[in-house]
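Consider the single chain below, provided in structure tokens and representing the form predicted alone.
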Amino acid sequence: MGSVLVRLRNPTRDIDMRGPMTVARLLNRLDLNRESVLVVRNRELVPGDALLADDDEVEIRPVISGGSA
């Protein structure tokens, strides 16, 4: 049986989670706010309703905003 490999940033760590599941469910399990992170699979952003299959690898990156003065 496979699992979804989740790469988290800040701090950097890898977690294996049993799939399949939606991105929203994954973030709920990790207690992460959808508006505060980007979820990337195969170099593409994935929406909250996207289904993550066993053997998928995703990266969760914090949203960083900035501006100019």
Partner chain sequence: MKCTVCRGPAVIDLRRHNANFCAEHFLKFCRDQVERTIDDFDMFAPGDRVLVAVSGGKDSLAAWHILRHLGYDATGLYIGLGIGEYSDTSHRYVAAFAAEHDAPLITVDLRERYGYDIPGGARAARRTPCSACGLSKRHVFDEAAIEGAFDAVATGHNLDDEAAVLFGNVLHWHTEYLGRQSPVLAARDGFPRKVKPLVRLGEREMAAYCIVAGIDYIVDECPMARGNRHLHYKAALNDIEAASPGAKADFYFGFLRRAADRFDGEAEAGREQLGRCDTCGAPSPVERCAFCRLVERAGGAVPVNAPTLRGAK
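As the structure is a prediction and not an experimental result, all values here were calculated from the model. Numbering follows the first chain given and starts at 1.
The same protein has a further form, the form predicted together with its partner chain, not shown here; the description that follows concerns it.
- For the chain shown alone, R9 is a contact residue for its partner chain in the predicted complex, at least one non-hydrogen atom being within 4.5 angstroms.
- A residue is said to contact a partner when one of its heavy atoms sits within 4.5 Å of a partner heavy atom; D31 fails this definition for its partner chain in the predicted complex, lying far away.
- Proximity of A53 to its partner chain in the predicted complex: non-hydrogen atoms within 4.5 Å are absent; the residue sits far from the partner.
- Its partner chain in the predicted complex is approached by R61, whose closest heavy atom lies within 4.5 angstroms of it.
- Within 4.5 angstroms of its partner chain in the predicted complex, the stretch 32-62 places a non-hydrogen atom from each of N33, R34, E35, S36, V37, L38, V40, R43, E44, L45, V46, P47, D49, R61, taken in sequence order.
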